Every structure is written in structure tokens, then in C-alpha cells.
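This document starts with one chain, in the form predicted on its own, laid out as C-alpha cells.
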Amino acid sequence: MKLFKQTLLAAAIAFSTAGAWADEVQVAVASNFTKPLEAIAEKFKAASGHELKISAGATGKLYAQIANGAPFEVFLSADSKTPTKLIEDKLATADSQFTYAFGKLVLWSSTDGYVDANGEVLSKGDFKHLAIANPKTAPYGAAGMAVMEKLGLTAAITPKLVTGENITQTFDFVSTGNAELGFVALSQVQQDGKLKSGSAWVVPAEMYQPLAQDAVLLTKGKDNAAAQTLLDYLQGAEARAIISSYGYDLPETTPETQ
């Protein structure tokens, strides 16, 4: 079955590399996964000839856009609940949903040495602003709120919160100094196991609900073979290596996806 799956994927990619068959895939992606997807898009185009048209945003807002008729064909969510709801709403194809990555939450500051290795900076409270993505629409924002609740700091820190529309805007608040620190995705501040800048506390996974990030084929993409090719590619070794390099944990592979 493994060899058969690999042969089919290789044949699909080889067939699609013919210029006449190159196509475009409209992809809606949760903001935390924008950079990894851009890297994947380059490799995917080289392998298949297909191009990705990427639209990033908070998971909840992307859901609303899809429900209102946005032309997206593939959705890469920051959670598993939203793709499931899309299937229930008949806006996505049944049996197409799978986990492509497990996200990690990090408390980050653009200033070296500002955030300690255990996150004690939160309880000290020596900061004016802490950035967080809107917890109503962004799973990473909800995770950040869960951490503060776990630490018993919600009441003390809430007046200091600066809320970003999505995780990208949240990162921007911290990187520009408008907030001394903030809860962002590890993928935004780390690559190949190294912190790009500043200081960070990687929040222990047991302090928030697992950030299983699921992909799904939307109904608008069911007749676009390139959309399915992308979903197959995301489960392959080349894409998984890129995803891992940005600090995500990977789902276990099966004989069909190895």
C-alpha cells in the first residue's frame, strides 16, 4: 500500500509538471503557518508546477470568509474543530481532514534576556503590555489565555493585554516594541531549532489544549486535482521536513503517508 501510494503521488506530480496541466490552488492558512507554507509552496511548485495563492488570517475569520463564499480550495487551520465544522456545514469534503502539524506556544520578547527560561516574567508583572491574538478567533490566543488562567494571573494581566487580530499582528506588536512581550507561535521566532532573536519561554504543552492543526479540502476545490495533490504533498517527507524545521511537532506517519 505504501509503495502504491508513493507511485500514485509521483505519477500525479510528474503528470502535472507538463505546462498545460499546471494549475493554481487557492489556500486559506492560519497566520502562524504562513512562513512554513511559503517555503512549502516553492518546493511544491518545483515538484508539481502548481502555484499556491495564499491568504492568511485568524482561523475563525477564515472560517467566516469560507462560509460567506470566499474562493478558497484548501484550508490549513490552527485547530481541528474548525475543519470538522466545515465538513458538518458541507463546506468541505468528508474524509479529507488530517492533522498536518502540532503547534507550540511561546512567550517571546524581541529583547535579549527579557523573558526567562521558566516564564517567571509573567508573575513579576514588570511590563506594561503583553500581546495576544484574539482568543475568540485565534487558537493560539485561546492557548495564551489558558496559560494565564493556569498560572492564576488572568485578573492581574488582563488590563495589560494588547489584542492582535491574528498571530501575525500579535508578533508585530512585540517585534516593534509596542508590547514588551507576547504569546506567539514558536514557528514565528524559531527555525532549525534556533531562536531568531530576542528571548523566549517555550510554554509546556500541558498548560494548554493541544494545538492540532488540521487541513481539509474545501468544496470549491473538489474538482481541482492540484488541490488534492497539495494535500498529498503536505503529508510527504519533503513538506514534513520543512514543517519540523519551523518548530512544529509532526503527526505520526502511517504506511499510506510515509
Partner chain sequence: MLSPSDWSAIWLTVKLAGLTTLILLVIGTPLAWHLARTRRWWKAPLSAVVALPIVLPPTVIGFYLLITLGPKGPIGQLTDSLGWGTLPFSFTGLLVASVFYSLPFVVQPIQNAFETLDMRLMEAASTLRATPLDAFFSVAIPMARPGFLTASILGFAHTVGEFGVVLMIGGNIPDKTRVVSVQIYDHVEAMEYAQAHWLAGGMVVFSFIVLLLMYTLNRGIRMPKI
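Predicted model, so just to flag it, every value in this text is computed and none were measured. Positions refer to the first chain, counted from 1.
Below, we refer to the form predicted together with its partner chain, which is not included among the displayed structures.
- Message: Please tell me which of 187, 93, 168, 110 lies within 4.5 Å of its partner chain in the predicted bound form, judged by heavy atoms.
- Response: Result of the distance check: 110.
- Query: Since exactly one of 205, 54, 225, 64 fits, which has a heavy atom within 4.5 Å of its partner chain in the predicted bound form?
  - Reply: In short, 64.
- Query: All three of 105, 124 and 191 touching its partner chain in the predicted bound form at 4.5 Å, heavy atom to heavy atom?
  - Reply: No, the whole trio is out of contact, none within 4.5 Å by any heavy atom.
- Which one of these stretches, 115-123, 141-149, 170-178, 96-104, sits within 4.5 Å of its partner chain in the predicted bound form when only heavy atoms are counted? Looking at the other structure, the answer is 170-178.
- Item | residue 162 within 4.5 Å of its partner chain in the predicted bound form, heavy atoms | So residue 162 counts as contacting its partner chain.
- State yes or no: in the predicted bound form, is some non-hydrogen atom of residue 80 no more than 4.5 angstroms from a non-hydrogen atom of its partner chain? No, no contact at 4.5 Å.
- Using 4.5 Å between non-hydrogen atoms, is residue 36 touching its partner chain in the predicted bound form? Because no heavy atom of residue 36 falls inside 4.5 Å of its partner chain in the predicted bound form, the answer is no.
- Does residue 60 reach its partner chain in the predicted bound form if we count a contact as any heavy atom within 4.5 Å? Although its partner chain is absent here, residue 60 would touch it in the predicted bound form, with heavy atoms inside 4.5 Å.
- Using a 4.5 Å cut-off on heavy atoms, which residues of 74-96 contact its partner chain in the predicted bound form? Only 85 sits within 4.5 Å of the partner.
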